[in-house]
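Taking the form predicted on its own, here's one chain by itself in structure tokens.
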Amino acid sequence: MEVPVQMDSSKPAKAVKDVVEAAAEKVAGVLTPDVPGAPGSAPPTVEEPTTPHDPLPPKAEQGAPETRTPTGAKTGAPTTANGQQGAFLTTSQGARLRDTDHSLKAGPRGPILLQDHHFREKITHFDHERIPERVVHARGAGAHGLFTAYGTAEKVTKAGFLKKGRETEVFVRFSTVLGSRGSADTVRDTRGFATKFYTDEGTFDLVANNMPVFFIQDAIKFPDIIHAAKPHPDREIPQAQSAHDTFWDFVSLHTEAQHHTMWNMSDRGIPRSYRTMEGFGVHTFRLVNAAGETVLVKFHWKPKLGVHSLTWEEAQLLGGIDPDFHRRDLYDAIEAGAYPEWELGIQVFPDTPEETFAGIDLLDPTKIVPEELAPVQPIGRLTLNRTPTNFFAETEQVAFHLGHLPPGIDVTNDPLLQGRLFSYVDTQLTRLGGPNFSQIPINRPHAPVNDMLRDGFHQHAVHAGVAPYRPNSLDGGNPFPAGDDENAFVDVPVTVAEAPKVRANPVSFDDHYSQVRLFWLSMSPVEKEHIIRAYTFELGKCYHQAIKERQLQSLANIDPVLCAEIATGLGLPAPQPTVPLADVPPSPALSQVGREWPSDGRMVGIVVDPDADLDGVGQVRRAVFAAGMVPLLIAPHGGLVGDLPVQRTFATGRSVEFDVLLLAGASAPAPDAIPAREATAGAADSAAVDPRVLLMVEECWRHAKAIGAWGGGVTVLERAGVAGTPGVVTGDSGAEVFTAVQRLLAAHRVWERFPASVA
């Protein structure tokens, strides 16, 4: 589109702005406001634009390098010549495309066809966008461990590592999806939970997330959701978060993303620890037993400590105070001997031609099967007991792939899973420099390898013989194919129904709201409050009203109360639903509130007054250790208080480090409580409690944590105005107080401290 605007050379900035505004006016009929922060050069419409037009011009403040040849000669072309051209979607070779939402399949429910050149080009290009950092899951932490099988899966799979008592070494990598390697741990995001089982029948990679559903149903959309969720390409902000226009623009137009979005806006989006995080295999897999019988399953990781999350304020504080909080928590827990543990479980479904269960399409990765309909059956225990020796060599170079499968486990025709089977190997070719990434120590199988694959970048093996082909006689016929008696991998001979080649999804994939409503109705009142706050915050960060209005329409189709509360926070009217509200029963298993869990590895902050009951503090400290938790003494100064070692001072300690706070005394302001030196010192009063101790108490109370005090510590509670409130315990001795707060800690938080306004 040509925009005939005469540029005034004496005022270049104004001239460029005129060009941008003229183009925006021609495209959208309105001018971009002067308020800074707009993500694009023209405002969007509520409805998806459908009239073709050329790419919009850059924003006024944007520039680009001069156009030059590879050898440095000027071309005379405008700088926009290096950008995208034309009004229509094309391949990299310029061929126009009519569909980029569906991969080419053998029928709507069939597998993706290898001949889908558009899918392969789109995914291949996406997989090679970052060097060498992972495109997604760049921010991660890993640990070694051991998996012990219960034997309860032997009836449904012949996988040897699941036989009773079998122990298998593992490496687990936890990660966030959106942020770069240098981003913070505690951002609101999906977490990866990838486990490499080094089985003696070949490596098994269970590449899970802490949410059981995905944003998309077809892998061809994966570049789209990640491009939308990543920082805006012009400013490279915001980092590691979804509170921005491009994310909400996509998910409000692509409504199959609403279920995952709801999980992300819940407390699941900000876990307290990797140790208190569930994992889900997302996809449906097929298991085959020794008799050749098959079932369909979904994999679940259940943490021993229960599912527990941060409050929003805690997550924000930790982003500044300790951006490595989750990584540090994982490694500190292992070092302290509080080994993180999870049970691996499976939901089992009949392997029917329809591949559905209770009316739920098992091949739709945006759907769950509630545990009330299909209980999770435990099949083994994972214990993480070693931290990496070298972060790069292990955590950064570990390479997972959903196609790393042992005999007894196979894939299904889930179109997201099918695409990932191509994408993961393709990613390693660039990220790890070639096809031999399996020879990096952290990726080496714990089973004999004789693969006839030769040469290539970074070849570490020294292959003998002269005949890496089959059949051969020069190497004596080696290697030989394995038969059933040798436990060869089984590609289950599933019948593919006769169907035309189409870019389409089955009709069952069209329901985008019923399970989102199920999740909402399954939440406790306090969890609903957090979801409302998360949506309100994230949508409030969007620049354009049109995007907020569009997302409110999706929320209206989920629940009118949810929509109305968020609309009120945004200052917008709540729309009416455009589809009937689903009548679904809640699933209590989806809520994090209402059960009790072990307190192993929790952090107990103990505020020490040098003039207080130090003998009592010592007793409490020993009791905390005996309970499998970690005590951290917080004192006015470092070193020793009496004969007790101090781990934190009033200047270095902050409430977000602790799961519970105990007060053994009422310290007057320390010598360093100087506002000019530290803002949290406040306006210190020589006769008062140190302001930083009061701040810790106030924050712990706001974050619904248990608080206990004895002796002079009771004065601190009174001064903070929290004495006598729910979850605040006092007693005659430290042992008595610790016993009481330990009981409270089993529920993670004292939620009754904050009555909810929604039912």
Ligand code: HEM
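Quick note: we count residues from 1 along the sequence shown, nothing fancier. Since we're looking at a predicted model, the values are computed, not measured.
The following text describes the form predicted in complex with the named molecule, which does not appear among the structures shown.
Which one of 112, 405, 556, 282 is close to the named molecule in the predicted bound form, taking close to mean a heavy atom within 4.5 Å?
Looking at the other structure, the residue within range turns out to be 282.
Which residue among 551, 157, 427, 261 has a heavy atom within 4.5 angstroms of the named molecule in the predicted bound form?
In short, 427.
Give a yes or no for residue 333: in the predicted bound form, does one of its heavy atoms lie within 4.5 Å of a heavy atom belonging to the named molecule?
Residue 333: no, not in contact with the named molecule in the predicted bound form.
So in the predicted bound form, does residue 440 come within 4.5 Å of the named molecule, heavy atom to heavy atom?
No, residue 440 stays farther than 4.5 Å from the named molecule in the predicted bound form.
Given that the partner is absent here, does residue 192 sit within 4.5 Å of the named molecule in the predicted bound form, heavy atoms only?
Result yes; residue 192 sits at the interface with the named molecule in the predicted bound form.
Can you check whether residue 367 is within 4.5 Å of the named molecule in the predicted bound form, heavy atom basis?
Judged by the heavy-atom cut-off of 4.5 Å, residue 367 is well away from the named molecule in the predicted bound form.
Region of this chain that lies against the named molecule in the predicted bound form, out of 114 to 122, 494 to 502, 169 to 177, 335 to 343 [heavy atom, 4.5 Å]
Result for this chain: 169 to 177.
Do any residues of 541 to 555 have a non-hydrogen atom within 4.5 angstroms of the named molecule in the predicted bound form? If so, which ones, in sequence order?
Heavy-atom contacts to the named molecule in the predicted bound form: nothing from 541 to 555.
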